[in-house]
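A lone chain, given as structure tokens: the form predicted alone.
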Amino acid sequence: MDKEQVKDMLEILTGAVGVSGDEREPAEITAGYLEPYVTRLHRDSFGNVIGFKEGTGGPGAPSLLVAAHIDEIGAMVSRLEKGFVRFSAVGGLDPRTLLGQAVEIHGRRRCRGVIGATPPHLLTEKERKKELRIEDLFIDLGMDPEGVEAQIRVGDYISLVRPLLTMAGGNIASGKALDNRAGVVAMIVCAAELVDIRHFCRIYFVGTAQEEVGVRGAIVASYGLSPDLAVAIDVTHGLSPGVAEEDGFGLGEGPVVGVGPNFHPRLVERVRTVAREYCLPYQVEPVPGPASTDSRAIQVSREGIPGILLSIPLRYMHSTVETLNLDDVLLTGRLLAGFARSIDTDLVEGLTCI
């Protein structure tokens, strides 16, 4: 798989709408991409997409769970106000990024509009100095109150609208929902790589639902599948002005390996060894507490599932201009494939002895 294929998949997946709790569109697309590379495929009752790939070790071989969440942040209609729509966040919306954004309300029909607020000219000096809140914002659909009431109901989902943009740098892409459709694409790259690579372990490729509202899909999937070990794929902060070097990672410098109590040290060392063997660049992120990713839920499922976290550097997280390097997505998938190939019975049996 190459960068053009990665970009094409990102364009299609980020164009899909999958606000937490209604991930049907990205789930269907993810399933379509995974289908050629897995032994069987299904969607569980929670909404997770699960593809299973048999290994050379057969039914008794260790099992690996690979998890990348398919949901995205968005909003929900909270009130209709004289033809305008007030809303509440679904996931971590930053009000500073919302003013002037195009949105789509998924009502009786899909209705596009823009997010507005009182113009600064009409605010007092004190009001202009106040921090912008979601409560200050509203959606203008360009419809009269009767039209709005006929199409929109309290509780309707709202998605952000932004097509994927290939930036002047060529390798750099920007858009909405790259957190975590980029991780989903890396998972698909891994599945494609493993078609031509023999691997001993059995692998579950899982597109998890509702990560942005409490890693819920990962809780369900890890409990139900009960794998021997796991890898979560997500994004982490990319370096940009205002981001301290200890908090951000370089775009184009490879995937980021999490290190800390949330991750099994033997697996961390194994993935770093694999990266060196395959001459794949990688970065290291110290995570002293529980990670804000699916890895947090997976680790404490059942009697405990040893795992690691691979992250893709991403600028401007939780905005509609999330920005990444396509090389990092490709490298993450390839590193993951090499790691899966390295798993054997000895590794898994040694995980109980730290």
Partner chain sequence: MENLLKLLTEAFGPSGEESEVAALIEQKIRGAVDHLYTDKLGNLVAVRQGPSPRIVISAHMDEIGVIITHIDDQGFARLAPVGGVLPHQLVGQRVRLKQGRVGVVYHEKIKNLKELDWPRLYLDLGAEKQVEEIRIGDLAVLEQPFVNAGGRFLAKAMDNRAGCAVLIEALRRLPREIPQELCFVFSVQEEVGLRGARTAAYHLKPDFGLAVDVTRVGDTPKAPLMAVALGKGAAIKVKDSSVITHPIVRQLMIDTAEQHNIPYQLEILERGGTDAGVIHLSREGVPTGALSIPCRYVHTPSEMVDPADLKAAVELLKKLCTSNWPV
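On a predicted model such as this, the values are computed, not experimentally measured, just so you know. Residue numbers count along the first chain shown, from 1.
The following text describes the form predicted together with the partner chain, which does not appear among the structures shown.
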The unique member of 133, 109, 82, 79 whose heavy atoms fall within 4.5 Å of the partner chain in the predicted complex: 79
Consider the chain as shown here, without its partner, and state which of 213, 161, 150, 114 has a heavy atom within 4.5 Å of the partner chain in the predicted complex. 213
So, residue 39 and the partner chain: in the predicted complex, are they within 4.5 Å at any heavy atom pair? no
Is the gap between residue 45 and the partner chain in the predicted complex 4.5 Å or less for some heavy atom pair? yes
Quick check on residue 154: any heavy atom within 4.5 Å of the partner chain in the predicted complex? yes
Does any part of residue 166 reach within 4.5 Å of the partner chain in the predicted complex? Heavy atoms only, please. no
Residue stretch of 316-324, 62-70, 45-53, 27-35 approaching the partner chain in the predicted complex, non-hydrogen atom distance within 4.5 Å: 45-53
Of the residues spanning 1-27, the ones with some heavy atom within 4.5 Å of the partner chain in the predicted complex are 20, 21
